[in-house]
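Given as structure tokens, the chain that follows is alone and in the form predicted alone.
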Amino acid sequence: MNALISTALSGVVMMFAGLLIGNKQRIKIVAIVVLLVAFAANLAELSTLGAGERTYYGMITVSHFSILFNAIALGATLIFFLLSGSAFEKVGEHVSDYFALIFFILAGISLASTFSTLLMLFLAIEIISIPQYILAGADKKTPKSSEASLKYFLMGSFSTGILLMGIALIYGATGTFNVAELALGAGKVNTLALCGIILMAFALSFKVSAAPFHFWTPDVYDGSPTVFTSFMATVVKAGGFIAFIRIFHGAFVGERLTADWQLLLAIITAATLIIGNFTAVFQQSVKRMLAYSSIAQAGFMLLAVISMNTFATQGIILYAAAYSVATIGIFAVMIKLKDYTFDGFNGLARTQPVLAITTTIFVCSLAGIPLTAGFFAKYFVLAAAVQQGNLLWLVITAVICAAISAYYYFRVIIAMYFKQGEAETEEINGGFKLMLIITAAIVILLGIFPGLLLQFI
């Protein structure tokens, strides 16, 4: 609850900061300070929560899991601000408004991790989505940005309609919006409710870029300002998965009912893994490759949604942290480059060794190489699927896709170290390099000691 209130207030503070502060660097400092306050307020709730969970007005339920996830989202956003906050100035004049919109997205993510009713779920998804439509079109000088915003808005509105229809059908079948009272799997499966679950699965699949609802992702990610693509592809995507897990693990349970939606999501997961990885292989732009790889990573995170066990809970937490930090890191490096193609990375190791070394760590983590956070993230979600018992074919598919992903991730490393060229970069200061090193150190630290995060669940 503290995270929801503090992030919403932070958004309001940033809106007024734009009126009172003219210096854009100072606006960034204010954003970092209020984010730290929100982070501290979120953790402070642990001291009053005790061992259980607390429900507010039957609408919001705060637990250790939600507080930990909010801490990861806020921590990843802090890294994002420190690495890429200066790039906001290149997008347009309304720097404080961009920060405000990001805080409102964080408020939506906080709500997605704590909702107790389907109405709160709908509000959370919309609070997350609407600021993203604006950020996607923030670069008014670039037609691609406006096109991305319009496409995102139209597709997002379509998925919202599907989500509302799903909620309406479930309400018609059960007579309640309360997640704890739905009890859909308690008796005979209601056809109306099953249709509602399928529609909700489709709508949430769109939000997390799962196939076959992924088609908007490459164009929107490519057309949006790169600095905002970094945030949309990481923290926001993780927020969508938390909503996915809360509703499917919390309400849609029961032997027959679970088997039905697990089969549906297993098919979606396999399609997401295959389409995301195979399409990423053929991309010539690193930005578009990361867009398709984000689809592939969504496939891995869906394994945690399908699997209903302890490994799944631990896996989604570790995956959210590992994927967000590594992707924010590589996007921060890319923002400093003048060419986003693979050729644009040629010779980077000679001109900017710190950027090359840290980028190597980030892509190794995304590929799931041992001693990086991505390895244990993939291990936990795969272990969750194995423990589930009936998903061995999906685990084999995921492992093959992970091997394929090494090809396109390692193309970046080959370009930096083994290709001739002079990668052109903007002026890079010592502070940026230090922050990159710290981010890479976090990736390695979580890759060696995943228990640092998991102990708090």
Partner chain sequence: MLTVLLILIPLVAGLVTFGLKGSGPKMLGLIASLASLAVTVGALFQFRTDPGAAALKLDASWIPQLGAKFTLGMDGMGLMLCLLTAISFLLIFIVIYNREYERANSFYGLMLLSQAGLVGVFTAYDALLFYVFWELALIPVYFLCSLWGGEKRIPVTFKFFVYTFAGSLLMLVGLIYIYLQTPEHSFSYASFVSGAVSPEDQSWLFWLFFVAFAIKMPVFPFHTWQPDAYEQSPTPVTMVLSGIMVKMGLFGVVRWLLPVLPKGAYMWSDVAIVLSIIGIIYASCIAIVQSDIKRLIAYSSIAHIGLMSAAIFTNNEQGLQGMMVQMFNHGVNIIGLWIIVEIIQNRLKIKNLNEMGGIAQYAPGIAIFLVVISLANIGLPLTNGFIGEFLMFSGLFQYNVWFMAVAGLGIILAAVYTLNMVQKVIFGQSNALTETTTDLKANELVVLIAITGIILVLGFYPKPMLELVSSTTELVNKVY
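Positions refer to the first chain, counted from 1. Just so it is clear, the structure is predicted and the values come from calculations on it, not from any experiment.
We do not show the form predicted in complex with the partner chain, though everything after this point is about it.
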4.5 Å heavy atom contact, Phe418 and the partner chain in the predicted bound form: yes
Given that the partner is absent here, does Gly250 sit within 4.5 Å of the partner chain in the predicted bound form, heavy atoms only? no
State yes or no: in the predicted bound form, is some non-hydrogen atom of Pro370 no more than 4.5 angstroms from a non-hydrogen atom of the partner chain? yes
Indicate whether Phe16 is a 4.5 Å heavy atom neighbour of the partner chain in the predicted bound form. no
All of Ile29, Ile32 and Gly92 with a heavy atom within 4.5 Å of the partner chain in the predicted bound form: no
The single option of Ile448, Ile437, Ile21, Leu9 touching the partner chain in the predicted bound form, heavy atom within 4.5 Å: Ile448
Which listed residue (Leu164, Ile267, Ala180, Val386) meets the criterion of a heavy atom within 4.5 Å of the partner chain in the predicted bound form? Val386
Within 4.5 Å of the partner chain in the predicted bound form, heavy atom basis, the matching stretch of 359-367, 77-85, 142-150, 337-345 is 359-367
Listed by sequence position, which residues of 408-430 have a non-hydrogen atom within 4.5 angstroms of the partner chain in the predicted bound form? Phe410, Ile413, Ile414, Tyr417, Phe418
